[in-house]
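Read the single chain below, which is given as structure tokens and is the form predicted alone.
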Amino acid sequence: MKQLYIDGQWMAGAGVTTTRSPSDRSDVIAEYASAGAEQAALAVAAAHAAAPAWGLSGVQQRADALDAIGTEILARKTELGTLLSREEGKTLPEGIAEAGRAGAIFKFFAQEALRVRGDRLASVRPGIEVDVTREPVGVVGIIAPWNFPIAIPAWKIAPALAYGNTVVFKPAELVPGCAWALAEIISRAGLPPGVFNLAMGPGRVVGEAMLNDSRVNAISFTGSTSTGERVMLACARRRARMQLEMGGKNPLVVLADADLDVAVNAALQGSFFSTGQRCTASSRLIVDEQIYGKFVDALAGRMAALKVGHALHQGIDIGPVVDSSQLEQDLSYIEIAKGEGARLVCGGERLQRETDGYFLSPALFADCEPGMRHAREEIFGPVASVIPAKGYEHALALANDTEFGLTAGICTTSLKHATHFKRNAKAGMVMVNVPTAGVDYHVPFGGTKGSSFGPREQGSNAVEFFTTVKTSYTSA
């Protein structure tokens, strides 16, 4: 059984979780310890005790530890990516790519640990110097989702450690394997006991323990909007720092002047790859009515060639849905869309394969109205809605007509429209002639409106959340 990692030691939990592959329910991955309230409290206590010394540690020590972690992840990316695909359901190339990204993130923040900057300024008062410095926040609770089970933990854990914070990491219950593998690598990187702690277990136990403990100074959360709202309220009550990444209902606008092949490829990848289980997925395809029929036909043709199956098998384009609950949600929204009068162009069927898995053919709905539920609510599956638009201005208005604001895309050959869209799309990230899903690890990640709250993740901007600013005055 794979144990918890608390205060530099592996230990048993209060229960055991057995995980199975969504590609083959007979494939048992492993048994993992599940923390109870006692183990969760121990993890927080360990991080709290280790925080003062680690906060004053040398930047070279942090950089070396993070670089060692990144180096090992990259050396083992095929092994780790295979585990990821087996556990979460991404295709093997996607799993390996995600593992490689996690390694690159740790190596990036190894260097960022050496680049924490400050300022020295002249005071307006003679004979006084002013220093502005950054210090770690303290104990950071990290609550990660299941859809990117190694990359998202990496882009939270790496900056937390780089800037001198200690960590309590609670992964999603569906993907303890990737979390445990990452923790095992971190456990051998030379960090002092208590600096990093893995507390696998249910959110109602481990998550609540972190949210309500005054010793946890900050929470970095990625997950559903409903859970994010609970995190926000809990942090606000005790004035803890919070960073929330939640839902998305992302538009991809296709104008009449777009290169059709480019637009179809952006829609195909953005809407359906990773089984559509990405907060950045293109779930609303807003297409100029002049090329509406041609676009729908071309996209449906490309979709017909997609192969859905076991994530580890060669030649597979789309893996399984992550679990039965998510599959039921996807199928429910497909029925909702039919009931609302949307036209099912293709897909949307539960598939049978050689193994007992949660396979679903990607669904494309056309002739959708912007007010339809399936076109407004996040489905988090391989389901896309095509909405007709009467020119650019109408398309922009439709794109912004959502409570979410994570990412937005446009396909056009017009520099004028591309430039205007980048400035006027109400989203934290804007894509031009590329899929809405797919971002770099060295630049900021985050959205607006109901998608995000707090400082941006990733890149040099991560320093804003994981440090606090101190201003010091010295009389010469």
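Numbering starts at 1 and runs along the sequence shown. Not measured: the values here are computed from a predicted model.
One more form of this protein should be noted, the form predicted together with ligand UN1, which is absent from this view; the next part is about it.
- For the residues 68, 439, 432, 59, the 4.5 Å heavy atom test against ligand UN1 in the predicted complex is passed only by 439.
- In terms of contact with ligand UN1 in the predicted complex, the residue from 54, 32, 421, 445 that brings a heavy atom within 4.5 Å is 445.
- The candidate site formed by 101, 152 and 278 is fully in contact with ligand UN1 in the predicted complex, as each residue has a non-hydrogen atom within 4.5 angstroms of it.
- With the partner omitted here, the stretch from 259-267, 122-130, 279-287, 333-341 that lies within 4.5 Å of ligand UN1 by heavy atoms in the predicted complex is 279-287.
- Heavy atoms of residue 326 never reach within 4.5 Å of ligand UN1 in the predicted complex, leaving it off the interface.
- Contact between residue 273 and ligand UN1 in the predicted complex is not found at the 4.5 Å heavy atom cutoff.
- When contacts are judged by a 4.5 Å heavy atom cut-off, residue 147 counts as touching ligand UN1 in the predicted complex.
- Contact check for residue 165: every heavy atom lies farther than 4.5 Å from ligand UN1 in the predicted complex.
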